[in-house]
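Before any questions on binding or motion, here is one chain by itself as structure tokens, the form predicted on its own.
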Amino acid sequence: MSDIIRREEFGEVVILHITTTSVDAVSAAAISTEYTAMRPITVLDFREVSFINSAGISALLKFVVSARKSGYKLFAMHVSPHHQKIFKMVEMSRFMPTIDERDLAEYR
């Protein structure tokens, strides 16, 4: 387990809690290593994230597209309004829609 990602698993769901305030090339690389241990439903938790740079967006896009091509359902939660706008601009929200934490209750 990396110090950038904290995993929480239940059933077919895994939540990847991003524990750093910045998603850049380094932290995005840590996120992408989680690809090998994904579950059918994977949620990226952006609660702690206050900054995402272009390298982070690029790496996240690659992760999201690869996951979706492999048949995983990917969601994001606790995304700031600013980052929601960016995700829409780069069409990431099309492949990784936001989900509310209470909506995960049905999987627990």
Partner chain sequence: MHRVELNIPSQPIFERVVRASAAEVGAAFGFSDERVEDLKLAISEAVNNAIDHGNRGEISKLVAVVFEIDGDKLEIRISDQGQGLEQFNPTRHVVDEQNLEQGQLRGFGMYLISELVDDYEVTSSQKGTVLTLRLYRRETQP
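Residue numbers count along the first chain shown, from 1. Small disclaimer: the values here were computed from a predicted structure and weren't measured.
The next section is about a form of this same protein that is not shown, the form predicted together with its partner chain.
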In this chain shown alone, the residue from A30, I41, L61, M77 with a heavy atom within 4.5 Å of its partner chain in the model of the complex is L61
Joint contact, I15, A37 and T98 to its partner chain in the model of the complex, by non-hydrogen atom at 4.5 Å | no
Please check if R47 has a heavy atom lying within 4.5 Å of any heavy atom of its partner chain in the model of the complex.
-> no
Would Y72 count as a contact of its partner chain in the model of the complex, using a 4.5 angstroms cut-off between non-hydrogen atoms?
-> no
Can I57 be called a contact residue for its partner chain in the model of the complex at 4.5 Å between heavy atoms?
-> yes
Give a yes/no on whether D24 approaches its partner chain to within 4.5 Å in the model of the complex, heavy atoms considered.
-> yes
Which of the residues spanning 73-96 lie within 4.5 Å of its partner chain in the model of the complex, based on heavy atoms?
-> H82, K85, I86, M89, V90, E91, M92, R94, F95
